[in-house]
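In the form predicted alone, a lone chain appears below as structure tokens.
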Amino acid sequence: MNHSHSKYLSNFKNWAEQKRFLDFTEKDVEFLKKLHPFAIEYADSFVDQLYEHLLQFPDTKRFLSDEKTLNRLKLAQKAYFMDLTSGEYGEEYYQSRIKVGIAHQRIGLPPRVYMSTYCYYMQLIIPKIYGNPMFDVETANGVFLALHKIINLDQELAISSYIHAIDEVISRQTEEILEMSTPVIQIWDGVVAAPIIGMLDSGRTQQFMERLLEAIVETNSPVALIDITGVPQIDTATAQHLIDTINAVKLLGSQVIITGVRPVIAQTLVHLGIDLSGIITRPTMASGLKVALDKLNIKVMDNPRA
């Protein structure tokens, strides 16, 4: 489990707040304990009925592919059902419910499936509560309300952790996309190149700047080419981000050459009043590289056999 998930699991303080918000009290705990002997008696029957129901639908049946998997899930579901009325709703209970949502997100089980499972549980249990000769009406109502509360709490935890897990995936994928769209490579000894693809916002600029500065230090490169061929348009914010990056590179003692400056981009920069004086610009990466090699006193000889 990654660090972020572990942090979410350890956020136990919110669990007490959630119980208080739903008015889940010690009285509810006592009512649920009254239901526990009944849960022991009917757990196997309820789990079998639940999976018989789930196997009727293609989008859940595919997760129950073989007998071994099915038996393992039934055992887990029985333990879950027993915990529901155990009377212990502390940190261990909290963490087990959080893991349900994370696990379901990992295997691709949609939330509507296990939300429907909670609903099906209630359909199975309610007739047993009100049909129990040991319960008078007041007790049955109390048991039902307590069960309703704990199931609502379970649903909230599972959905919250499911959303959290999805957010983690989106965040990780966003970082990967940013890395792909802002590559920094060493194209010659002493020269790094950083092509920019798409618009620069604050987040991308920060990552781009960090990657470029790290590459300059790692390769000890005195020249950096920043290619903006892939930038569709320049606005004031993008231009300022570009200037900030250039100034950061200068602080390392390296020089920036901006390549891919098309006529429309040049006109826009002039119109925006962006001062690029003192910054070398070239229309192509090839011409920028030639300038960089000249600055490094590197002569590239033509291949006579070419």
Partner chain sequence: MAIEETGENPIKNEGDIVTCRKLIRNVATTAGFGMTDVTRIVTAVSELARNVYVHAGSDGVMRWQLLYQPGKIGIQLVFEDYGKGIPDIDQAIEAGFTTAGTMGMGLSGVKRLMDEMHIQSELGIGTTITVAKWGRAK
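Because the structure is a prediction, the values reported are computed rather than measured. Residue numbers count along the first chain shown, from 1. For the two forms, the rigid core is made up of the largest set of C-alpha atoms that agree within 1.5 Å on superposition.
Note that the form predicted in complex with the partner chain isn't included here; everything after this is about it.
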- Item | Residue contact check: Gly273 to the partner chain in the model of the complex, 4.5 Å heavy atom | yes
- Query: With the partner left out of view, is Ala193 within 4.5 angstroms of the partner chain in the model of the complex by any non-hydrogen atom?
  - Reply: no
- Although the partner chain is absent from this view, report whether Gly131 comes within 4.5 Å of it in the model of the complex, heavy atoms only. no
- Query: How about Asn247: is it within 4.5 Å of the partner chain in the model of the complex, going by heavy atoms?
  - Reply: no
- Item | Non-hydrogen atom within 4.5 Å of the partner chain in the model of the complex for each of Asp235, Ala239 and Gln267 | yes
- Item | Answer option from Ile159, Met199, Leu75, Ile185, heavy atom within 4.5 Å of the partner chain in the model of the complex | Met199
- Query: Since exactly one of Leu55, Ile40, Ile243, Leu70 fits, which has a heavy atom within 4.5 Å of the partner chain in the model of the complex?
  - Reply: Ile243
- Item | Candidate stretches 120 to 128, 227 to 235, 208 to 216, 139 to 147 - the one whose heavy atoms come within 4.5 Å of the partner chain in the model of the complex | 227 to 235
- Item | Any residue of 116 to 139 that, in the model of the complex, places a heavy atom within 4.5 Å of the partner chain | none
- Message: Once the core is aligned, does Ala158 move its Cα by at least 2 Å between the shown form and the other one?
- Response: no
- Tell me, please, whether between the shown form and the other one the C-alpha of Val231 is shifted by 2 Å or more, with the rigid core used for superposition. yes
- Query: Does Ile246 move its CA by 2 angstroms or more between the shown form and the other one when the core is aligned?
  - Reply: yes
